[in-house]
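Only one chain comes next, encoded as structure tokens, the form predicted alone.
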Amino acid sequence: MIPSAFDYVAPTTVDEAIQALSQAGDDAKILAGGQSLVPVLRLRLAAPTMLVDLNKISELRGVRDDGNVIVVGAMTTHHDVINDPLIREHAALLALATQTIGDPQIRHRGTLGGALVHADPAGDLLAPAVALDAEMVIVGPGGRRTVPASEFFVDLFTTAVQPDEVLIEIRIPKKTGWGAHYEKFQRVAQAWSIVAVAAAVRTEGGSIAEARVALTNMAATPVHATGVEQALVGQPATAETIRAAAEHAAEGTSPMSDGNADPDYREHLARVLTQRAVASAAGLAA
């Protein structure tokens, strides 16, 4: 199909983008990589009067070191996230999860910020953002604000970003020395997660000193598996400990029922995949 008619602007600065969004009101859409938006436009499931293309804003791309955190521009592509040495060293979980997205063509066009703002519950980058304690920096007419990942995802396909705002960067605390793993269960024909688990673990003297675990597609927003973390921290880094902790994985979740799985099956997957992800992050065989 052909999209409905719309105006198109390609600003070169964030200020210009915000001005365009403010003028268009709620009828504008932001174009980042376009991997999710363009199909929706073609099916006329969205009919914006204006499309604001962020691809010419160079300040929104790239990764930089900022002391205790690394800063990733919202328009940084999946390909660049996977291959960036700072991310691989300090936020390996993000690189591991990004590797599972789509195919090379998708990863060369899709962007980190676009995926996060799209907020698909089956998307692979929401749970890693929560597990890594990422912070989202948003700019709008009222200025700049920072929202933690745990509060950024509001509901199904809904985030804290307002219609006249732009997500400009993602700030991720360094987790050097942590093990990380992203365990994903999907249909062979597509890369969307039926359930997936993002895990980062720091061991010390044979025990689990810190753990961060979040789940993909177990609710309308990513689920922070606090029960699993509490069962892990301070315990020996053994298969038995991890197996017992993984039994808490489905706590606080509200998995949907669809053509891929019913809630009971998703809860089962959450427990199994959590055990595998945490074990791998801790350097053990699942």
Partner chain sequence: MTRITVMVDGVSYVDDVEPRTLLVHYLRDKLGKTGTVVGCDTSNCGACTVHLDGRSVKSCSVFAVQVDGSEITTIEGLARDGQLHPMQQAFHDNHALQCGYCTPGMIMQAIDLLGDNPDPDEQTVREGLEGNLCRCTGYQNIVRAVLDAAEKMKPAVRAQQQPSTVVGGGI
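Numbering follows the first chain given and starts at 1. In this text the structure is predicted, and so the values were computed from the model without any measurement.
The form predicted together with its partner chain is left out here; the points below concern that form.
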{"item": "Leu41 within 4.5 Å of its partner chain in the model of the complex, heavy atoms", "value": "yes"}
{"item": "is_contact(Leu31, its partner chain) in the model of the complex, heavy atom dist at most 4.5 Å", "value": "yes"}
{"item": "Contact flag, Thr146 vs its partner chain in the model of the complex, heavy atom cut 4.5 Å", "value": "no"}
{"item": "Partner proximity in the model of the complex: Arg88 to its partner chain, non-hydrogen atom cutoff 4.5 Å", "value": "no"}
{"item": "Interface residue in the model of the complex among Arg107, His181, Lys175, Arg212, criterion: non-hydrogen atom within 4.5 angstroms of its partner chain", "value": "Arg107"}
{"item": "Candidate stretches 64-72, 238-246, 31-39, 225-233, one within 4.5 Å of its partner chain in the model of the complex by heavy atom", "value": "31-39"}
{"item": "Its partner chain in the model of the complex - contacting residues of 120-149, heavy atom within 4.5 Å", "value": "none"}
